[in-house]
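Take a look at this single chain in structure tokens; it is the form predicted alone.
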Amino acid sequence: MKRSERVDRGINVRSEGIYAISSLKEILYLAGPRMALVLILFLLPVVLDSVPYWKRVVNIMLVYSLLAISFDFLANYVGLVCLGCSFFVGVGGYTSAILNSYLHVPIYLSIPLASVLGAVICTLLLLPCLWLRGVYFAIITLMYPLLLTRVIEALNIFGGTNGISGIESLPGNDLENYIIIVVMLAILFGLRRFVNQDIGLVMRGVKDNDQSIRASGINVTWIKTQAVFIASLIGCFAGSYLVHLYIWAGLSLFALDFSIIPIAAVTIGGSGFLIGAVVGSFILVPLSEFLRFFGSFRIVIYCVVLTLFIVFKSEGIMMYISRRYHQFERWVDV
């Protein structure tokens, strides 16, 4: 006699980790989506090899994925709503351009150095504002890129409105694809592991009730500082990568698109998942490219699509997909 039961019956009871499962089918059930994501990303440059334009679009999608992951991490795990992802991109991009173009630091050092130095600069600038919460912190982060843009323009530093040129390009089309793919996957899986550790649980506690965390003797400001450093490190790497991708650094690095699109990507993909940020970016960026055919009218279509997603799927795509995936059933002997 047989009956149907959900595939995940008993799996989540024993463990959510794939190494504590006895059956190979159960391991594949849990690891399958992760393996599919890795496989798709590594195959994309191969499939699009004959279409260089769309290979470049894949790079931009991954850059926005990093920014969306950064926003999702700060907002949903620490409670800091950051509207200034362009702040991270601009600081990281300009730092890498200065190191490479002015100081002649080779590209394989300028990108990691700019990521770390840029993260330190962003963290120090945001440090006095960490006691703010909600809309107040969001407004401050939105002001920083606008401020830096006006400072560079008014003082005519770092190339002024002309920007910095003469930057070393990434060696080879395939390498520029796989660098960002590997880094994005490492950040995604590493950050998912990080938020499930003790420090991640403390950060969630800071988001839910920072007063109780402070009463436990934990330095809340230090926890927030670590979170901001991690988020800015991700954003600064994205900016540094963009600079070497386009061989130019200018005021457009502080563009509002780098702040708005990651928020929209998290909203569509599903907040609090991290992977939802990636899914949302992989929807929004190609959609924006396809809509270029409509000229300025594409903004209207873009807004309608976003509105429909928010109204009818406010939970995000990943929440829906995850729920449906765990509802799969199988026949078992009774």
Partner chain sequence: MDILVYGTINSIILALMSLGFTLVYSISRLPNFAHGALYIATGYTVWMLLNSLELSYPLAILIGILGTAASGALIYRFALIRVRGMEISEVIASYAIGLAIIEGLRWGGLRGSTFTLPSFMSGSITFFDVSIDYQRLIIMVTGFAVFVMLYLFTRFTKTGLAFRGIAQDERASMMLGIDSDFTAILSLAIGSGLAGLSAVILLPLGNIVVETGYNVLIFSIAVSIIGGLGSWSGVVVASFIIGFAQILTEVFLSSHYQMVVALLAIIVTLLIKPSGIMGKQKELEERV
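Positions refer to the first chain, counted from 1. Since the structure is predicted, the reported quantities are computational estimates derived from the model, not experimental observations.
The discussion below concerns the form predicted together with its partner chain, not included here.
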item	value
One stretch from 165 to 173, 115 to 123, 135 to 143, 178 to 186 that, in the predicted bound form, holds residues within 4.5 Å of its partner chain by heavy atom	135 to 143
Contact residue in the predicted bound form, from L103, L109, I157, I260 (heavy atom within 4.5 Å of its partner chain)	I260
In the predicted bound form, V81 touching its partner chain (heavy atom, 4.5 Å)	yes
Non-hydrogen atom contact K313 with its partner chain in the predicted bound form at 4.5 angstroms	yes
Distance check, R150 to its partner chain in the predicted bound form, heavy atom within 4.5 Å	yes
Residue contact check: C303 to its partner chain in the predicted bound form, 4.5 Å heavy atom	yes
Residues in 229 to 258 with any heavy atom within 4.5 Å of its partner chain in the predicted bound form	L256
Note on Y302-L256 C-alpha separation in the predicted bound form, which departs from the shown form by 3 angstroms or more	closer
Outcome for the Cα pair F297, S259 in the predicted bound form, compared with this form (closer or farther; change of 3 Å or more)	closer
